[in-house]
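Below you'll find only one chain, the form predicted alone, shown as structure tokens.
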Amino acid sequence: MSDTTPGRLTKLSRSVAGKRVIVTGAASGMGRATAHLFADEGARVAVVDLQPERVLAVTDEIRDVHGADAAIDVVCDVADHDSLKALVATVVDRFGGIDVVVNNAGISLVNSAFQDEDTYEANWARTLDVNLTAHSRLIRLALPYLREADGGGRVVNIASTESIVVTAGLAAYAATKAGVVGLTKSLAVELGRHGVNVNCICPGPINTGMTSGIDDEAKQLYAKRRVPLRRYGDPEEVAQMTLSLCLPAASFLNGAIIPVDGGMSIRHT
């Protein structure tokens, strides 16, 4: 969309005002920050997560600032195909379409080669369902609407630097995050000609619920040893990159895999 403001030399818009956005895993951490940020920038947001109270709390936070039409709360288990179908139907009914999908929902379950078989199999299957299969399903379900989006549809998949460097005992998590990178590249090639851009963010160490169980001293030691910026990131720092990938001005960015990790993944010593 061009900007015809007198005196401007640039043509591409940096506004997401009016965009209709789905954010999964939006009840906390990076998802919550992403939902807030899109709403702050004038988008209408579907706040999607598994726990009703937390979903409603985030939705109410947004509505209190931006009005009743700024957000809807949708309780959804992304691992359930029928729940994803209901999610898309609800968003289309309330918003009239879908312009942006942010696949942020994810879990990290211990998945060690030395686990007992039942635990290993259960954790492997659940992690794949939530972290990878759900991403593919939601994109496919939203695709008819993303193709009709004014200025082109946008998909942002949230992977992890565990797709680049890994932690022992998180086999399924690492495998799914690498899979998200591959899914992003494949769909970027396939959907680009249909007006849908697909990109991926790989967050590094971020202060979220997933990392809340790590002792503060251990976080500080890790950051000083591994992260050039010498700290953990804030959820909004990831959300800002997610928003940037969805700007109308980001129209030629497709298939990008972007670490947001303070430089962790490029540090050798």
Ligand code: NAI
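We number the residues from 1 along the sequence you see. Here the structure is a predicted model, which means the values were calculated and not measured.
This next part talks about the form predicted in complex with this ligand, which is not shown.
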This ligand in the predicted complex: within 4.5 Å of a heavy atom of each of G153, G195 and N254? no
Exactly one stretch in 136-144, 184-192, 117-125, 78-86 has heavy atoms within 4.5 Å of this ligand in the predicted complex; which is it? 78-86
Is I158 part of the interface with this ligand in the predicted complex - any heavy atom within 4.5 Å? yes
Tell me, yes or no, whether A239 is in contact with this ligand in the predicted complex, where a contact means a heavy atom of each within 4.5 Å. no
Contact between A105 and this ligand in the predicted complex at 4.5 Å, heavy atoms? yes
Consider M210 of the chain shown here, and say whether it contacts this ligand in the predicted complex, taking contact as heavy atoms within 4.5 Å. yes
Work out which of V130, A172, I72, I98 lies within 4.5 Å of this ligand in the predicted complex, going by heavy atoms. V130
Taking this ligand in the predicted complex and a 4.5 Å non-hydrogen atom cutoff, the residues of 37-58 making contact are D49, L50, Q51
